[in-house]
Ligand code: AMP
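What follows is a single chain, given as structure tokens, in the form predicted on its own.
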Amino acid sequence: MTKQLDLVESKTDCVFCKIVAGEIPCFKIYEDENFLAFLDINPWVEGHTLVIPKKHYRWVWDLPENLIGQYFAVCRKIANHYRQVLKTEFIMSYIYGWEVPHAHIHLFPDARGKIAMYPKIKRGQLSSEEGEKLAKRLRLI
């Protein structure tokens, strides 16, 4: 093991676990028994959403076999919802997971030409007003 892997936060320090527990607010888009989707507070594009398992897993590939298919089905459900609501054909997904040591999948609505590995134009942090307005528009609960 490398030293970098030893630096991974414990689930008690995990920002996403704190969001799931309601200790940190989020702009919720979708929730079921196993998964939560919310707007990224520092979006790369409008509607940039994070989809996470509620239980702490370090990597997407650590989810048990009985949940991994459900995870991607939830992402598909949200992506297809965004395609209708936002009138766009293109929803990019991205699995990286280094910034926050909790499994997560990014969904980027209509990101064509706007991002590659990182955004071309920094959008800035979502304000409470912007986040609530967008979450209300995109919510699938």
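The numbering used is simple: start at 1 and walk along the sequence shown. Small disclaimer: the values here were computed from a predicted structure and weren't measured.
What comes next is about the form predicted together with this ligand, which is not displayed.
Asker: So in the predicted complex, does Cys14 come within 4.5 Å of this ligand, heavy atom to heavy atom?
Answerer: So Cys14 does not count as contacting this ligand.
Asker: Taking the shortest heavy atom distance, is Trp61 within 4.5 Å of this ligand in the predicted complex?
Answerer: Contact with this ligand, no.
Asker: So, in the predicted complex, is Tyr82 in contact with this ligand at a 4.5 angstroms heavy atom limit?
Answerer: No, Tyr82 is distant from the partner.
Asker: Whether Ala111 contacts this ligand in the predicted complex should be assessed with a 4.5 Å heavy atom distance threshold; does it?
Answerer: So Ala111 does not count as contacting this ligand.
Asker: Looking at 97-105, 61-69, 74-82, 28-36, which stretch has residues with any non-hydrogen atom within 4.5 Å of this ligand in the predicted complex?
Answerer: Residues of 97-105 come within 4.5 Å of the partner.
Asker: Would you mind checking 34-62 for residues with a heavy atom within 4.5 Å of this ligand in the predicted complex?
Answerer: Contacts from 34-62: Phe38, Leu39, Asp40, Ile41, Asn42, His48, Leu50.
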